[in-house]
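Below you'll find only one chain, the form predicted alone, shown as structure tokens.
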């Protein structure tokens, strides 16, 4: 069984409720049909029911009738959701009139469903910018307790089985936080380890990356990584984590033996935490394009409930896979 099939099989065991706010978007509705056919999530589409039915007929979709449809113009919980929004945002001056307007926006409806307990997660972004997806999520779902920063992880699949866990590594942050503080970097390390465990189903061995290994260079940016490593150990005392480590010392035994002898992580890391977004984003794109490594993500981390953002260039299969990942995230919340 392939890696993505393993993720889907685990999703079938949990069958979480996932809302797709872009319910009338072609790739989204096709993905919803495929997800229902594969039976690993309960799907809610936000959109006009008649438009969704017409699109289903146009595209020859066989299973979409099993999806729940919420019409943003007129649904039975609109009043309750707007009241909830007023309560959550009253300190920001939210009025009832503004709340009713926002409770007609599919991206707000999706996260209000999660906050109300009517859904377990959301996948959006096929037709919306990342900022538009994240804004209501951060306002309503917010970050999980003890975490103040949202980050994005990628599952990196290589055919070189000597790296990571049988060729699987997790990279973060590659998508969201440009210049994390030491405290934020520690949080990113801990939530990425959880992603490795709950989604990749591997026991995390976290390397905090830098251009220095164990004091080989002196710089304030190295100091940030060493401080973040210490803070992450305080947050998760049982987590296998080490730093600061250069990338080769993190993943190659022979280099680790020279540069970081005695480390339980060096040479065998399967989670790589980058010191800044530019390093993480450049690194994942380079190995993806030059080495032909498959990159799955970004998987957004640190939210109190899973909300994942798609690339606007995503395929139907990308959406299917991200929904499966979101189900796994929802199943792992609180673990």
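A quick note: this is a predicted structure, and the numbers were derived from the prediction, not measured. Residue numbers count along the first chain shown, from 1. By rigid core we mean the largest C-alpha set that fits within 1.5 Å across both forms.
The next section is about a form of this same protein that is not shown, the form predicted together with acetyl coenzyme *A.
Interface segment, criterion being heavy atoms within 4.5 Å of acetyl coenzyme *A in the predicted bound form, picked from 243-251, 98-106, 189-197, 149-157
Among the candidates, contact is made by 149-157.
82, 71, 128, 139 - the one with a heavy atom within 4.5 Å of acetyl coenzyme *A in the predicted bound form:
Only one listed residue qualifies here, and that residue is 139.
Please pick, from 285, 62, 66, 53, the one residue with any non-hydrogen atom lying within 4.5 angstroms of acetyl coenzyme *A in the predicted bound form.
Of the listed residues, the single hit is 285.
For acetyl coenzyme *A, considered in the predicted bound form: do all three of 135, 175 and 178 come within 4.5 Å of it, counting heavy atoms only?
Contact check passed for all of 135, 175 and 178.
Taking 4.5 angstroms as the cut-off for heavy atoms, does residue 92 touch acetyl coenzyme *A in the predicted bound form?
So residue 92 counts as contacting acetyl coenzyme *A.
Residue 36 versus acetyl coenzyme *A, in the predicted bound form: is there a non-hydrogen atom within 4.5 Å?
Residue 36: no, not in contact with acetyl coenzyme *A in the predicted bound form.
If you check in the predicted bound form, is residue 296 within 4.5 Å of acetyl coenzyme *A, heavy atoms only?
Residue 296: no contact with acetyl coenzyme *A in the predicted bound form.
With a cut-off of 4.5 Å between heavy atoms, is residue 226 one of the residues that contacts acetyl coenzyme *A in the predicted bound form?
Residue 226 lies outside the contact set for acetyl coenzyme *A.
C-alpha of residue 49 off by 2 Å or more between this form and the one not shown on rigid core
No, its C-alpha moves less than 2 Å.
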